[in-house]
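Here's a solo chain for you in structure tokens, the form predicted on its own.
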Amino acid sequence: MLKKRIGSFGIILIIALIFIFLPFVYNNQSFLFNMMLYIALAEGLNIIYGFTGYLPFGYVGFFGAGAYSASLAILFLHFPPLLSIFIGGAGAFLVGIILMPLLKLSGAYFAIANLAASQALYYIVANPNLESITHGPYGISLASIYNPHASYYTMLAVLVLSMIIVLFIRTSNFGLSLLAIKEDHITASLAGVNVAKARAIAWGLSAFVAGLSGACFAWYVSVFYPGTVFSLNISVIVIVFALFGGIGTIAGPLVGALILYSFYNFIGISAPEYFQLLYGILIIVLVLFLPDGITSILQKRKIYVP
């Protein structure tokens, strides 16, 4: 187990070094930032879905909560950006605590309830009557602290943190407890696993990662609207990225985001008329022939996937 942890840390270090030096040789910081953003979100989703089986269709709600928590801390409390990133994570974590009763549901009921909760949060934030607090539907501007370089490397730190959290879960007894719950929560409970506590911790960690990511996004773009940070497209994209690579591992969401976001950037933008067709075919092929994701190819050959 120790060797596996060391090897996984090595992979995380390599990813970090790549994103540290890539901006010096590839002049498209926005693409690299979004790549890190989606990897971190996919890893965050992986915490709750990959290890417990709970699929949060409204995962974007935590992302939006993080963006707004950080922004309001900057605008009203005049917190420095780095501290506000933590506030963003804490804000999303608080939303996770409020939504904790949803964990009593399962399957489609949980997914739909979570989706409804994220939409409710969107309508609260976008309410014109709350313009003095959230700026309503008119968006938020953080132009006074705009710093793409600092926010880029802060996003990198969040990415590394998300991967370390998944590594800890994957290589710990806590992770084994979560997997046992995913297989059969009743049997896991009889075996001595505190099901409610384990689910709550995974849920909170997943929300925290999404909140940190949302806060970094708000700082990087500096101007955004409720419809941007609460867009359901974000949830769909992140779920597809995680499933494409393979859940329950560090490498799965990473591989999925690297391949699919690169595919979108280089084909979807230059040839949008072909992108939807090719993207759809790619997803269909995956579901039919690789339902456990690309990394399952290595796992079937008894190759350890971190």
Partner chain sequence: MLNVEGLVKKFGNFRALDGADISVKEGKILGLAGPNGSGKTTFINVVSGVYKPNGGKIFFNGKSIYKLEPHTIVHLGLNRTFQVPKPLSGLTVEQNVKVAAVYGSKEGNVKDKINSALNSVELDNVKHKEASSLTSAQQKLLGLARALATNPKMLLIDEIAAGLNQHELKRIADMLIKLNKFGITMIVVEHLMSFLDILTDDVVVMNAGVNLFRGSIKEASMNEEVVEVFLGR
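Predicted model only: the values in this text are computed from it and were never measured. Residue numbers count along the first chain shown, from 1.
Keep in mind that the form predicted together with its partner chain is not shown, yet the notes after this line are about it.
> Using a 4.5 Å heavy atom cut-off, which stretch among 106-114, 174-182, 215-223, 156-164 contacts its partner chain in the predicted bound form?
Selected stretch: 174-182.
> Consider residue 132 of the chain shown here, and say whether it contacts its partner chain in the predicted bound form, taking contact as heavy atoms within 4.5 Å.
No - in the predicted bound form, heavy atoms of residue 132 and its partner chain never come within 4.5 Å of each other.
> Although the partner isn't part of this model, could you tell me whether residue 127 comes within 4.5 Å of its partner chain in the predicted bound form, counting any heavy atom of the residue?
Contact with its partner chain, no.
> Quick check on residue 143: any heavy atom within 4.5 Å of its partner chain in the predicted bound form?
Residue 143: no, not in contact with its partner chain in the predicted bound form.
> Examine residue 193 and determine whether its closest non-hydrogen atom to its partner chain in the predicted bound form is within 4.5 angstroms.
Result yes; residue 193 sits at the interface with its partner chain in the predicted bound form.
> Would you kindly say which of 231, 189, 119, 147 lies with a heavy atom within 4.5 Å of its partner chain in the predicted bound form?
The residue from 231, 189, 119, 147 that makes the contact is 189.
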